[in-house]
Structure formats: C-alpha cells, structure tokens
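Structure 1 and structure 2, given next as structure tokens, are two forms of the same protein chain, each shown alone.
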Structure 1
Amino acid sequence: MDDTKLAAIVEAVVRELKAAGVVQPASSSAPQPDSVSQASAPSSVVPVKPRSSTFNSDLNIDLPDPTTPEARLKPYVDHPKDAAGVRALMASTSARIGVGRAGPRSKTNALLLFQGDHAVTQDALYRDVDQKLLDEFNLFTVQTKVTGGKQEFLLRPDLGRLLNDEAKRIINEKCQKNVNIQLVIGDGLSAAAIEANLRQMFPVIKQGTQAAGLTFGTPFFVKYARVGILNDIGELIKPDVVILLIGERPGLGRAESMSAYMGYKPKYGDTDADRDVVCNIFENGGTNPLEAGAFVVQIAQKMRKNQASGVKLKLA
C-alpha cells in the first residue's frame, strides 16, 4: 500500500470518528470542566480532552481510596442469606472474602483492588533498608557475596547465603565471640518488613536475653541476605543460638511481614531442617512483633536446654 492511499484511509477514519464525537476537532478550544481540575491532579497526568460537552459536563469522578481497612471490609455479596453474618465473617480474616461475583468471575471493584495491591507491591520491591533505622540500633552493615544489586540478589540465592571476605574481617574485628545469643538483621526480600518491625522486636529480644541471664552478642545488619547466612555467622562467632530477623517476600499490598530464623550452633552444611522459624511477624493481623520477640527468646532458651534446633529439637 502506498503512502497516499494510507493517508486517505487515515483521514477517512478520523472524519468518521469526529462525526461520532469520539475525536475532538484539532481546532477545538473547549475549556476543561472544573470538576476535572488539572491543578489538583498529579503533574504526570496527561490532560484528557472532553469529547463533547453534552456527554460529560456533569461527569464528576473523584474516588475515595479503596485500600482503607473500612473500604476493604465492605461486603459485595448480592442478596446474602445473612448480611450481618457476611460482615462478621469478613472481620475475622484479612483474606478477600465477601467479594461477590459477576457470573463465575469477580466483581469489578475486587478485581481492581487486587490489581492495585499487586501494583504497589511491584513498585516497592527494589528498595533498601533505611540507614537511619540501622543507625538507631548501632547496627554496622556487612554484605554477602552479591555484587550485582537486587537483580543478582534475586537470581543468585547461593551468593546471598555467603558473607564476602570484607564482611568476615569486619565481623571478626567488631563482634564478641562465643556469646549465648547472636542477633542479626538481614534485608531478605523486604526492606519494609525490617522497617515496620525492628523498633518493637529488637528491644524485646535484647532485654529478654539479658533478663534470662544470657550474653547478647554484637548485633549487625547484612545486606542482600538469605536465610542460609546463619551458617557463616555461626562459624565466625560461635554463639549458642543465632537469631536472624529477615524480610519475607512481599505479600499482595503488604510488604511488612518479617521472619525470625533461628539455629543452635549453626555450621557449614546446616539446612532448614536444622532451623526453627517464627514467620508472619507484623502488626494488625500477623504475629505481633512484641510477642514474637518474647517467643523467640523462649525458643532460644529451649534450644540451649536441649542443645538442638529444627527437627532434632522437635524430636527431643
């Protein structure tokens, strides 16, 4: 097809669309209606020109945030057998129930809320833990063998389980050895999880350890850390118990869930079967970080008493 023909077809299509009111003539200087004020919209929003004043002069879309707890608890079941019952059921869980259906599919609001939650999680994935928080607890930072940023961290878990040589040197220099309890913080897959829970959990673990008459080693932060880093730390510091607080992979619209992985005298070759874990640590719906802190100290005492962790502790 030559260019002249193509241009003619494009022109004909545009003419039809204009006649139908879908495309505004280029010469139009129709003012923006007040209700879609450009001043209040984010600067990245592309102005949308009204197609015809008779269609939308009173169109006024100004939505509340659908992600508030109240909005999430609104039921959408058509003609429920027990409307109050649906609300009570919904209040018992953070899972997306009472959402209703369109045929066998979900309703539009539930579909878009899910997509919104996924979107914000995607946007938050590649962030680092706030340095101010680490400073607050005097945590020095060491790094694993990951050198290529978050992308490499995601693709090479093996590197995230090993401390680099510089890290080993710094830990040897700064950390007290042969302690009862060694607390370590790792970013794992969510910086937000550490930021949301550390302020509450750190003091409980520290004070709980000291109240139990146990020695509390020099805590530090590991960047690009996987759970397997426990082994390297156990070998270097030789503590009775290592507690690793680490960010879990982000859930939908919720990146603040943290885990505490623990091992008794971790060493090279130890696996998940040698470890215990308290997972889902977060406020409002998960294991509360204060309670989790106390629980973790209890587990550590049990490990010391039985000189075991993981499956061996369970069988003890």
Structure 2
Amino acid sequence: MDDTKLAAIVEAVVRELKAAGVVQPASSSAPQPDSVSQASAPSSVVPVKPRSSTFNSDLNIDLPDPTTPEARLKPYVDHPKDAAGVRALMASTSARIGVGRAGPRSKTNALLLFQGDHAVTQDALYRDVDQKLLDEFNLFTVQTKVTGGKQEFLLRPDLGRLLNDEAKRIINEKCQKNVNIQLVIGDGLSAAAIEANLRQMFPVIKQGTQAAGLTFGTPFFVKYARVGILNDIGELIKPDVVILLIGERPGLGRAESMSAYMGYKPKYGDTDADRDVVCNIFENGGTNPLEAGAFVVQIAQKMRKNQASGVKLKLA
C-alpha cells in the first residue's frame, strides 16, 4: 500500500470520528510534526496532548472506600423487589450477597471489596509474626523442617509437622520435662491471628493452669508450624497435655481467626482423631479469646482426668 492510499484511509477514519463528536477539529495554528512530510500527511490530524512529566497532586479518586461497614452492608442490586429484605439478609451473614451485576460481571464496588479482602488474606499468609510480640511473652523461637520460606511451607505441609534438628536440641535444653501443661504458639496460616489474640489468651491459660494446681511448662514459638507438630513436641518433653495456639487458614477479609489444638500425651502416629480443638477464636463475632482460654484449661483438666483426648475423650 502506497502513502497516498494510506493517507486517504487515515483521513476517512478521522472524518468519521469528527462526525461522531469523538475528535475535535485541530486548530489551524497547531504545529505539525517534523517527521511527517506534506505529501504523506492527511489533511486533518488528531491533536495529541503531550504527557506531563510531573505528578498531578490534584488527582481526585471519586470512588468511596468499599471496605467500610456501611459499604459492605449496602445493597447494589438494581430495583430489588424487597429492598428491606435484601438489607436484612445481608446483615445476617458475611456471605457476598446483594452485590448486583453489571451485565455478566460484578459491579465495581463488589470487585474492589473482593480485591481488598483478598489482599488481607495474602498479607496474613506471607508475613511473619511480629518479633516484639514474641519478646513480650519471652517466647524463644524454633523452626520446622521448612527451609524454603513461606512458599515451601504452603506447598509442603508435611515439613511443617516436623521439628528440625536444631529445634529439637533447643527445646530439650530450655523446656521442662513431664509438666502437666505445655503451651506452644505456632504461626500456622495467619500471623495476624496470633497478633490479634495472644495477648488476651496467653495470660488466661497460664493463670488458669496455675490456679488449678497444675505445672505450666516453658512456652515457645514454632515458625512454619502445622498442627501435627504436636506429636514431635509430645515425644520430646513428655507433657500430659500440649496446647497449640495456631493461626487458621484466612478467609476473604477474615485473617484474625485462631485455633487451640490440644492432645493428651501426643506421640508419633497420632492424627486429628486423637486431638481436640477450640476454633474460630477472635473478638467481635468468634469465640472470645478470654473465654476460649478458660475453656481450654477446662478441657485440659478433663483430658488429664480421663487420660484421653479426641475421640477417646468423647467416649470416656
């Protein structure tokens, strides 16, 4: 295709855009680019505004924050038959209902809320528990057999159930043996859950254990921990009951939920059937961490009395 035909096509397209009001006519005084010859240039040129090299400090984003409680409970269904019913239904559950649609797709508000809540989940999964919190409770840190960071931890749950050799050595040196209650904290799948609940729950468990006349072992923190780490700990220091506070798998926008897994004299080969758990521990909607701490101590006493946990405790 020669330059004449190409120029004719460009001119025809520009003429249609002008007719549709998409493109404004160029000013006769607008300078022409030096690189385009008069022979090949179309008679009408779309004006191009040069990009500014400076940041526009007056930028205004007119979209409201979709993560506020008001925005979460606002229905986006177009012309609902029962508007009050939609609001009541949305207030009764955390499920994503009443979000409406834009054609076959989600509306912008619903999409932004989903992306924001997903970011909360990713943050909980990939960051570490604040060292200041561990220092606050004098918790020393040991690690499982995970060596490849968070990515390996997520892909290899089997490695998160086993202490590495250095961890076994440190625990043997620092922990009392054959105590009644051994408290362990593990990051699990949510660092945010430990940070949100440990300050409330730790003192309740410790004081409740001591008030019951039971011995309280040396607590510590396990990095890259899975629930099965109970078995290794039980074999090492032989406590009556091991309590593991661990971050639960986060949901969209819910990262502070923690669980307390417990086992009576855990040992190699034990499974979830040999354990008890108090789950969904968090404030404002879950099991309150203060109440959960007291409940955990009661279960530990019941375990020692019946010398069993899990299914065996239920049958005792």
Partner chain sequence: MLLRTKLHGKTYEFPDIRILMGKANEEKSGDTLAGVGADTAAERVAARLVLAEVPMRVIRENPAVPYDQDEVTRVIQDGVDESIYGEVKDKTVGEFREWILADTTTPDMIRRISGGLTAEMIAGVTKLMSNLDLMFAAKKIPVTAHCNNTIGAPGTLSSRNQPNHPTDSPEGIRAELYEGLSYGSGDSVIGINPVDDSYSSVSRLLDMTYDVIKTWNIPTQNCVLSHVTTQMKCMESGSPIGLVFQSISGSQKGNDSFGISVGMLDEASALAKKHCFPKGPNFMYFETGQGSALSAEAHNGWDQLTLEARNYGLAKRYDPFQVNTVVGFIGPEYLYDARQIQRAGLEDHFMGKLTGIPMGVDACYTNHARADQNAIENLAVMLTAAGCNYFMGVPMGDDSMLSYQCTSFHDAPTLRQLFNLRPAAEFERWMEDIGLMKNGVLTEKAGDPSFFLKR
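Structure 1 provides the reference sequence; residues are numbered from 1 along it. Treat the numbers as computed from the prediction; the structure is a model and nothing was measured. For clarity, a rigid core is taken as the largest C-alpha set superposing within 1.5 Å between two forms.
- Looking at both structures, it is structure 1 that matches the form predicted together with its partner chain.
- Shown in the overlay between the two structures, fitted on the rigid core, is a CA shift at Y76 of 2 Å or greater.
- In this overlay on the rigid core, G116 has a C-alpha that sits 2 Å or more away from its partner position between the two structures.
- Core-superposed comparison between the two structures: the CA of G85 exceeds or equals a 2 Å shift.
- Once the two forms are overlaid on the core, R105 shows a Cα shift of 8.8 Å between the two structures.
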